[in-house]
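One chain follows as structure tokens, the form predicted alone.
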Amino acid sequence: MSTSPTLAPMNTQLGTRRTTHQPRRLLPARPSRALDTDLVWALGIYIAVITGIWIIHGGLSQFGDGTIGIATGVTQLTGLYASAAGLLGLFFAARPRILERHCGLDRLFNWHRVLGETMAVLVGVHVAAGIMAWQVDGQWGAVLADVTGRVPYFAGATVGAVLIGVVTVTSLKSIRNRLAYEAWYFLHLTAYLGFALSFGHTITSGTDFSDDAIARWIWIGLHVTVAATLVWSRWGHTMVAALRPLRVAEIQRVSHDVCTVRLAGGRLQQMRGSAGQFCFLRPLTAAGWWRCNPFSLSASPTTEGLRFSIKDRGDASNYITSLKVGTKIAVEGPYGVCTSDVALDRKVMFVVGGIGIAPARALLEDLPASAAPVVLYRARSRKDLIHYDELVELAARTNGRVLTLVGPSASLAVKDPFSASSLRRAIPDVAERVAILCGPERLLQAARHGLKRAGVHTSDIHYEHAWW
């Protein structure tokens, strides 16, 4: 295993001109001032406003007008809720920093996914109820003509509903796993078009907005706010990253399937970031500009560079690690909430596996000696122990230690190495520690279950889910 040259301590001898340069750490990521109660209140007000618009314009009274009235009321309500879910989902996808720093990007994206699926279900009910309310005496041909162009804005709404349906189906895990991330992502973007095409008919159809200027401007204002947030917080950051890129400064192979990539550049003087976070990397090359994938920092970020440990997982990782020194990279982020702030001046333990070692290794640089970290490192073989020497050195500096668990699951002496009893034997004071988990989903689930049974409070277990 190779060790990082950046780990050498700084030596400054008074009266001499020879010094060992110590790079300056980036300013830490700004904390969020948002509270969970703020989010609950905002969501409650949002739902109340949407529901209030429907009630004020007679939506509730529709349920007393027979089958057609009920279908009309359901059509109006599901249409409003579908648009509301879509707007909120787009707002989360915009990655507003105040929410990302509070909740984590993984949770924002998972909420975005849930809201997208909810919107698709509501659109389906909306279309079915609308057709039931619209058709009279079985005149299905007239209904088809109306929704495909005879009624203004309904052709766009029909196309929008189809696009949303396609995106929803291709986002099912069984189908999504068969697609390359980039292919799925660009297909996913058509949902934005579908949402935009559906906007016109919500304003001109029915009484919720066409006959009420105040409600109409509230609705338009919500759309403009979300669009502005997308432009600034999402696409604006992408443009800044592309206009002020970093460059590949060094690529080193550290194992049979892992390389470290260090990026450097003048933009680092203004960036903020902390160990434990990750960035989206977009190579600015003819064949790579459309590739944008997340990679975790494997060293504390400094003004001299961002280091990533990248495992060979497919086309995207192979492309990054095969770039030439000097290649421009657009860097979005850093993102993530599992920083040293979660330690709260307490003892820390890590449960890591696979390339999840990257954020854990970076975090060890930022922990104080009082953290006395214990690293439980799970690997299938000795050659998969990435950065092992660096981990041992960093842990020793903070009064900690590294414990390895190597081998296929079937060959382990302990049937469940993450059971409560196993964790207590390895770390007697496990219940008093803050736990940080980094690795594949199966490891996260096993470690969470065992830690809770070992007495670690849920609020002291920190991790970030993969959203892809």
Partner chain sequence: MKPSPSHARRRPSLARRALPAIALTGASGFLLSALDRPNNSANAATPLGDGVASTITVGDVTILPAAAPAPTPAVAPAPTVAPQTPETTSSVPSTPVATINSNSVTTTPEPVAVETAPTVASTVPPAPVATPCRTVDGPTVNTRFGPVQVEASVSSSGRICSVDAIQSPSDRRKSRQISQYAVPILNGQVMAAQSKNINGVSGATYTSVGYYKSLQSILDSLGG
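Quantities reported herein were computed from a predicted structural model and do not represent experimental measurements. Numbering follows the first chain given and starts at 1.
Although not depicted, the form predicted together with the partner chain is the subject of the following passage.
Enquirer: Taking heavy atoms and a 4.5 Å cut-off, does Asp341 contact the partner chain in the model of the complex?
Expert: Flag for Asp341 set to no.
Enquirer: Taking heavy atoms and a 4.5 Å cut-off, does Thr75 contact the partner chain in the model of the complex?
Expert: Close contact is absent here: in the model of the complex, Thr75 is far from the partner chain, nothing within 4.5 Å, heavy atoms only.
Enquirer: Within 4.5 Å, heavy atoms only: does Asn177 come near the partner chain in the model of the complex?
Expert: Close contact is absent here: in the model of the complex, Asn177 is far from the partner chain, nothing within 4.5 Å, heavy atoms only.
Enquirer: I'd like to know if Tyr192 sits close to the partner chain in the model of the complex, meaning any non-hydrogen atom pair within 4.5 angstroms.
Expert: Answer no; every heavy atom of Tyr192 is more than 4.5 Å from the partner chain in the model of the complex.
Enquirer: Heavy atoms within 4.5 Å of the partner chain in the model of the complex: which stretch among 318-326, 387-395, 358-366, 242-250?
Expert: Correct option: 318-326.
Enquirer: Would you kindly say which of Ser381, Gln269, Thr207, Thr225 lies with a heavy atom within 4.5 Å of the partner chain in the model of the complex?
Expert: Answer to the contact question: Thr207.
Enquirer: Find the only residue in Ala372, Leu163, Val125, Leu99 having a heavy atom within 4.5 Å of the partner chain in the model of the complex.
Expert: Checked against the cut-off, the match is Leu163.
Enquirer: Enumerate the residues of 164-190 that have a non-hydrogen atom within 4.5 Å of the partner chain in the model of the complex, in sequence order, or give none.
Expert: Contacting residues: Val166, Ala180, Glu182, Ala183, Phe186, Leu187, Thr190.
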